[in-house]
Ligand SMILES: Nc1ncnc2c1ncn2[C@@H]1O[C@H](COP(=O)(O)OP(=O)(O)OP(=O)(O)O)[C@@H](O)[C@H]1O
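First, one chain by itself: the form predicted on its own, in structure tokens.
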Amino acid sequence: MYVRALALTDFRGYADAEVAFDAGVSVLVGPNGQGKTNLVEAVLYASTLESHRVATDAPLVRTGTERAVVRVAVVRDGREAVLEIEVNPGRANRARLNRSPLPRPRELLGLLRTVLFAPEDLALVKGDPDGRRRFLDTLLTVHQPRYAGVRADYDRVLRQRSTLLRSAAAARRSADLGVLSVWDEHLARHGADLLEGRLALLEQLRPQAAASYESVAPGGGGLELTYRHSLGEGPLTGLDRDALTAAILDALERLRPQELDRGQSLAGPHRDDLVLTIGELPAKGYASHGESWSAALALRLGSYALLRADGDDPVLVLDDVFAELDSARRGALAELVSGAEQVLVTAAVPADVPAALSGARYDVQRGTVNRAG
């Protein structure tokens, strides 16, 4: 799988841009602030319907315009498909496949698979749980696109239930327990579906991430991934969806007084965390800078290996990551990804890119893109 062409209209700082790519390595070079990351961000958006830099769509639309369009031509198994997304902040986005309208943008998910490496990845180790939950859910959606609908349903129910709890807390009165019980059922059902997907994904990711950590930090003590849930004591391993639904309902009933007092939903996948352990210590708070980078790289390399096991090489995007790494980790990463079907690299200067990733070069200056070789 590889991106053959990218076309943008009013996306970020680009009024209009078209870039043709080949399989293999493509390096986008230019000083910071010239638009390199905007190009790969658009590719990632076509893959995940999310930006790795901002939480909402509004910043993606060029100032003074109302919408942006991202169009990506993807070659897979010798056949080409054109994915198009119209970004409409405050309104429903629209999507087309080979110029034919789709009922929902999420119908595009799975057609272009990507794995991103970026400086922001350090937050996967050092940051708050919401970043690690997002990492899991984004990978889950790329791996199994049906979970985009599961996530949307869970988020919708969570908002409704949390609004009811906040209203009760603000008025200092008990919520209508009958209405709350209905939302409990919905939250437990959709939450169990999402939780089942996360746990199954983690079982596949765990050995891949451990092997990747050993590759970038040999003898570094080993990396272990553990799912920390919010449903009480005991592991969730081996529980089916019905059992997970019952566990969420039990937790909601137990925590109901605190929820009514605080006006928050206190149990469910939105309160969980992915715990990274290096050796015998949690990475967060204990890992050195180098160990943290190794763990972050292992998560991404493990994701790449997991998706690759499905039979398709995902497109690898290395967004200004080499400038953040020491020479040993820079070389290890380049060696591990050099055989991918397509690698898109951004760098401020050519010297940042290891020789193992030499390929076509594109100069990016003030929003213009020119192929240099």
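All figures in this text were calculated on a predicted structure; none of them were measured in a lab. All residue numbers refer to positions in the sequence shown, first residue = 1.
Not pictured, yet referred to below: the form predicted together with this ligand.
This ligand is not shown here, and in the model of the complex it never comes within 4.5 Å of any heavy atom of residue 342. In the model of the complex, this ligand lies farther than 4.5 Å from every heavy atom of residue 314. When contacts are judged by a 4.5 Å heavy atom cut-off, residue 34 counts as touching this ligand in the model of the complex. Shown alone here, residue 320 lies within 4.5 Å of this ligand in the model of the complex, counting heavy atoms only.
This chain is drawn without this ligand; in the model of the complex, the residue among 53, 67, 308, 330 with a heavy atom within 4.5 Å of it is 53. With this ligand left out of view, the stretch that reaches within 4.5 Å of it through heavy atoms in the model of the complex is, among 56-64, 300-308, 331-339, 42-50, 56-64.
Contacts to this ligand in the model of the complex (heavy atom within 4.5 Å) from stretch 9-30: 12, 13.
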